[in-house]
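Only one chain comes next, encoded as structure tokens, the form predicted on its own.
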Amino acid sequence: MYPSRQYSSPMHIHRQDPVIYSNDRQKAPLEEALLDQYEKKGFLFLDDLFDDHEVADMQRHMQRLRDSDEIKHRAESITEESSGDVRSVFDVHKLSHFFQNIAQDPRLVRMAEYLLGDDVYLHQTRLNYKPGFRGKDFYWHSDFETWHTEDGMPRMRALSMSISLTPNDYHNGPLLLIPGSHQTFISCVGETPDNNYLSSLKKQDVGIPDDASLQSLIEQNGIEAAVGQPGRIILFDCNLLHGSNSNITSSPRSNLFFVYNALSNRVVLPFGNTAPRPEYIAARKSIKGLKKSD
């Protein structure tokens, strides 16, 4: 359905999957206007779901993982190429019982279950730190393009929830999103090197859209910046094009990411004919449905 990294020139493939899989809006955990916005734009900004105490607990546990020498030397920890600062920590729900509880919070799981129309599991979790002065960019990409090609995720039936743990402003490299881009799958050019994840998690060079495709989508839909205060949730579709600039300010820009995938959409062998990425990047052996919400 969504071939990529196979052809000599990029292709645009119209989305073949729903954006919202549930039909009964009376049972939705989100207001109808928000559902309409998510279907049209591919993302939502949600405030005030967590109280100040909950956000402070998340910040404290985030700092604890970042400052741990043991965590820094684990495979789950990705460092910046030049500075050696911690860029991301993967599988945080397994490294921290606290973050496991947050990922399973019924307030989050209900939204994921409704939008995906199924029980869900955690395909990936991570903390992105983007430290001050040296936090490097994440170039434009669709998560689904990578998850389909390198992980074997069959269909567009997954979403991400990013919880801001520091102020995200226009200067410290906030998440940038292209509204409506979730409706178009861009088949990227280039082959996937062996063990691509070893370099792509530091700087992605493969599986990124071409300039002309990006220009066309940006001219049609513009760019929105996910600025906001700690506790804001950025909920976005798996195929939405997004990225962020480097952070050359003194203020870190840190976010907690949970990727929810439908149980019926669990990964198979990678569609790019590569070896599967490690379990800490993409759940394969440890797939388990989250506790059913009330």
Ligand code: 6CS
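A residue's number is simply how far along the shown sequence it sits, counting from 1. Just so you know, these numbers come straight off a predicted model, no measurement behind them.
Separately, the form predicted together with the ligand exists; it is not shown, and the next lines address it.
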Seen with the ligand overlaid from its pose in the predicted complex, and using a 2.4 Å cut-off to backbone or C-beta atoms, this pocket is open
inquiry  = the ligand is absent from this chain, but in the predicted complex, do L34, F45 and S181 each have a non-hydrogen atom within 4.5 Å of it?
reply    = no
Among 220 to 228, 161 to 169, 120 to 128, 104 to 112, the stretch whose residues bring a heavy atom within 4.5 Å of the ligand in the predicted complex is 120 to 128
Partner-free chain; cross-checking the ligand in the predicted complex, the single residue of Q100, Q204, S216, T79 with a heavy atom within 4.5 Å is Q204
Only hit among R157, H93, K136, H141 for heavy atom within 4.5 Å of the ligand in the predicted complex is H141
TODO: Report whether the minimum heavy atom distance between T149 and the ligand in the predicted complex is within 4.5 Å.
DONE: no
Please tell me whether any heavy atom belonging to A283 falls inside 4.5 Å of a heavy atom of the ligand, as the geometry stands in the predicted complex. no
Looking in the predicted complex, the residues of 4 to 22 with a heavy atom no more than 4.5 Å from the ligand, listed in order, are none
